[in-house]
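Next up: a single chain in structure tokens, the form predicted on its own.
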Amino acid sequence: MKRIAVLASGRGSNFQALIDAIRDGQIPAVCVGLVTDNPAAYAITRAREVGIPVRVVDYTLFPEKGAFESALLAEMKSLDADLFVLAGYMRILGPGIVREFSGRMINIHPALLPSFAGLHAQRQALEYGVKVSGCTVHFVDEGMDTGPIIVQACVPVLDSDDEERLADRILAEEHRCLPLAVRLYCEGRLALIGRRVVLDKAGPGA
């Protein structure tokens, strides 16, 4: 049974999707902790409702980023997790943390990477005029949303869309794709070959 931990900064709807998938037996793992930089995050409520330990590392309490990163790294190490999942974590992790957990940290992004990395991906897609958008689950590397891609899903961009409507449609796919990617990782079915993530169809969870 794998140990996973989640980093989230806000409402935590993707965190909830993971909680539900673990509860339903879809992911062979236990969630050992939520780490957040935001003491007001609703994700904290979601964690406490199901007894998941919460670690708050409040960015505003640190004099500079280096001190914050050191505290965050210490909390992450203390969880002894096999996999860290960034589920709406809104800060860029420093290279020290990324290297420490290389190959053991994944992120969900509301666009079809490599297009529209960074903040406000749905707004970027609408402004560019694309006809298809979606979401991407990828391994975290030292760039911004540049790591090897694990899972992607597409949604149409409609003429009537605004940022909120498109975000809602993408979010429904995020709630499906993130648990899938975590399940594949926990089943040992993901192999990283260069930049390509290859699925082992004959793995133990096939």
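Keep in mind that this is a model prediction, so the values were computed, not measured. Throughout, we count residues from 1 along the sequence that is shown.
Here the subject shifts to the form predicted in complex with a small molecule, a form of this protein not shown in this document.
Residue heavy atoms within 4.5 Å of the small molecule in the predicted bound form occur in exactly one stretch of 69-77, 125-133, 96-104, 82-90, and that stretch is 82-90. At the 4.5 Å threshold, heavy atoms of residue 11 reach the small molecule in the predicted bound form.
Among residues of the shown chain, residue 180 is not one whose heavy atoms approach the small molecule to within 4.5 Å in the predicted bound form. Proximity of residue 54 to the small molecule in the predicted bound form falls outside the 4.5 Å heavy atom cutoff. The closest heavy atom approach of residue 155 to the small molecule in the predicted bound form falls outside 4.5 Å.
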